[in-house]
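In the form predicted alone, a lone chain appears below as structure tokens.
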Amino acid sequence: MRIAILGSGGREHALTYAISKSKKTKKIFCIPGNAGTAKIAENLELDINNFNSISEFVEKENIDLVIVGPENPLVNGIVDYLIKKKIMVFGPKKNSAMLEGSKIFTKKICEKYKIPTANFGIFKSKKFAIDFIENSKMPIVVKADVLAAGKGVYICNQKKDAVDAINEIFDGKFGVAKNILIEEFLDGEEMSFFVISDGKDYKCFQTAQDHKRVGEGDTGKNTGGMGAYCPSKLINEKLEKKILEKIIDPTFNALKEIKEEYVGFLYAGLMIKDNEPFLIEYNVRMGDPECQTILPLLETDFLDLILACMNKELKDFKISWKNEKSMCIVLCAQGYPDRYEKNIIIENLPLIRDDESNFLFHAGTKINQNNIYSAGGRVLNFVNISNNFYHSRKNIFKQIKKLDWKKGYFRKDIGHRVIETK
């Protein structure tokens, strides 16, 4: 098969890697891809938000399947557009993608279907939002009701911080903001819970724990993700049953009520307290960097799984996993998530191991005259699978030290909640 994968991050490199292992795969195009995908696919400099140019390329190159990696084109309706062109595409349609595109849309579903979540209020102006803050207990959570690359959530310990967040959002930091969401702070431990759906049935697709904060000990600003591990230490049979019955099932029922067939990955960001799940938010695609930790553990042919979804045959499809653990540590450009330099050469990449236990997924990289340069804030994803999170982290440290990229930094405490051995 000839396959096109849309996106340029570590998630898309991991998707490309998984698809490349299938015997059914004949050729992969990554749009636009990065320096890592260039080794196993053909990169193309096309704008993934220009649906017409994407469909023209797909038709010209006789592409059999399009896989959409990031959220923006999904929320903007690329799946609907390509389906009308009779192009097979993996991902949810625009109406379903509102689960991520609008936090308020999701909150209203929670309200109607009694899905456990934080108490919340919706505000249309700075004045009403700030007035509410003045009479609220801290900490409190302020959220932009738009896509914000994982940075539109503010956990505020002081009223001043909450007011600053409200001002930033309404002043257009993440684009035009018509509404803002303010919700109670839930005390517990986060978990990423993934399912894959064919529009009729769904199956669980692993759990993970993402580290969003830039600083050690989960402090500082939110980022797109500094690292992750799989599976979450919190998951157990009883908790999984609660998640499915209280959160996932009602959500799919809500979509069916508006006549939506959800095809693709659904990622529930959860807060777990006393073995009870609460929905924080939904993402309508694989997480980044969770995807990089999950796919190396997959034993099943990934392309066969995608095709089972496209043919609505997921119910009878068996998903198999390696009985191991996985960890990803993100190497970032110094200064991220604030100001940082780009176009810095990354030497020593040939020294990095890439085998059945060690994976290097590129994120913000590009090739120029056979040299590889940084092209974003999150630059490289180092992944290791083993039977022990401590060993995985130790092995990744060795790889990062070997790379010796002076312009990069990383969190040294990824997995601190599950690693007790020092």
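Bear in mind the structure is a predicted one, so any value in this text is a computation, not a measurement. Residue indices: 1-based, along the sequence shown.
Omitted from view is the form predicted in complex with a small molecule, to which the following refers.
Contact with the small molecule in the model of the complex, judged by any heavy atom within 4.5 Å, is made by just one of 161, 168, 184, 216: 184. Put simply, of 196, 333, 280, 82 only one has a heavy atom within 4.5 Å of the small molecule in the model of the complex, and it is 280. Although the small molecule is omitted here, in the model of the complex all of 103, 212 and 271 have a heavy atom within 4.5 Å of it. Shown alone, this chain has one stretch from 122-130, 310-318, 138-146, 72-80 that lies within 4.5 Å of the small molecule in the model of the complex by heavy atoms: 138-146. Interface membership of residue 153, defined by any non-hydrogen atom within 4.5 Å of the small molecule in the model of the complex, is confirmed.
Within this chain, residue 304 is remote from the site of the small molecule in the model of the complex, having no heavy atom within 4.5 Å. Put simply, residue 276 is far from the small molecule in the model of the complex: not one heavy atom of it is within 4.5 Å.
Contact annotation for residue 235: none of its heavy atoms lies within 4.5 Å of the small molecule in the model of the complex.
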